[in-house]
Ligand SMILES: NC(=O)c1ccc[n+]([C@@H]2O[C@H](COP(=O)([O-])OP(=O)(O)OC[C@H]3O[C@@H](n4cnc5c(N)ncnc54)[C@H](O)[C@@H]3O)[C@@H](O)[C@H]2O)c1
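Here you get one chain, nothing else, as structure tokens; it is the form predicted on its own.
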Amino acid sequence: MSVTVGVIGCGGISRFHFSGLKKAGAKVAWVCDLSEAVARPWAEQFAAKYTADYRDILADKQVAAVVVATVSSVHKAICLAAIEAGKAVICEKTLAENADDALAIVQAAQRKGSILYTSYMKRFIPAVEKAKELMPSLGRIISTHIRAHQCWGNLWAATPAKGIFHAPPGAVSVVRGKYGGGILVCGGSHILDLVLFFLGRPRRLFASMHTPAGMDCDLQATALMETDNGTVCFEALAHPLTRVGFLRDGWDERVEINGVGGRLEVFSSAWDQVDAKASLLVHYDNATGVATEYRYSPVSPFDRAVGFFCKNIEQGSQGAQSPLGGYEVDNLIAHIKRSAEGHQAVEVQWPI
């Protein structure tokens, strides 16, 4: 048995979803993109139908699920229509452009009884999964440092005059137009999902953000968060350092969780190089004084995530991953922005 899927949006990120669908044995019946030239190679590879109108996919009763891999600004409309059509939804991050829209999507899925996933695939990095398994060994959690430092070039030196970070007069930059913001949304959202995955929902936070003059996207976002599992120090940073990180390739994404019984340190590779670069976990056990390294071969967390999604959709079950995940991240982003704008701590409201 295999799930029949339609893919909406065939841009750069979709290649990871197509790879996962292929390995999961899913039947890709439709591909949709405003550009036929972009979508056609995928249609040919999967012997799928092409359309420029996603509603054609939703009208096909054979389609059980849709992958929404478009820009975030149209996620709400597509996801709501797919849910209303009775489809399971796998949506790229972020779930929506704001927390209210994300909440509307989740509530629609709950009313319809639909399966809904936001594709935060870093939960499926082997080092992350092993760290989650070892969390009980730490005992009481007392401190967490978690960050995404990504090499975006030296945007700190001068206002970009061209490229995806350039904001033309009277218009927005490509990065803001496509993704809804800068480093907080593009890189930090995945890390906020890991905060939720490891530690649960923060109840209070104090944040700051930096957007250089002449730019419309943030290059730095930091937050001090209070959770039931200790304090979390979070940072998303766009930097120019080309040889930092555990692989010395400019990508420095790590998680450090400290408990009374030990420490877990997770180091992950660049999101688009997962087939060539691996992840690492270091577990220190304070009782024995031994630090154990778990080194994993390169494996795509996209493939593993999509496989998990497809298996559960085939079984008609949401499975272990909550449909609230995408909303929870969008809600944290909203509170970080609110705290940074007001220069004060805020209580995190969780209406659902």
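Everything quoted here is computed from the prediction, not taken from an experiment. When you see a residue number, it is the position in the sequence shown, counting from 1.
If you look for the form predicted together with the ligand, you will not find it shown, but the lines that follow are about it.
Shown here without its partner, the chain carries Arg140, Leu205 and Ile257, none of which come within 4.5 Å of the ligand in the predicted complex through any heavy atom. This chain is displayed without the ligand, yet in the predicted complex the stretch 72-80 from 72-80, 219-227, 257-265, 158-166 comes within 4.5 Å of it by heavy atoms. For the options Arg201, His210, Lys178, Lys132, the residue carrying a heavy atom within 4.5 angstroms of the ligand in the predicted complex is Lys178. Met121 is the sole member of Met121, Ala236, Val106, Leu192 with a non-hydrogen atom within 4.5 Å of the ligand in the predicted complex. Interface residue remark: Gln62 is not counted as part of the site for the ligand in the predicted complex, having no heavy atom within 4.5 Å. Among residues of the shown chain, Thr288 is not one whose heavy atoms approach the ligand to within 4.5 Å in the predicted complex. In the predicted complex, at least one heavy atom of Gly12 sits within 4.5 Å of the ligand. Although the partner is absent here, Ala29 is not a contact residue: none of its heavy atoms lies within 4.5 angstroms of the ligand in the predicted complex. Contact annotation for 276-290: no residue has a non-hydrogen atom within 4.5 angstroms of the ligand in the predicted complex.
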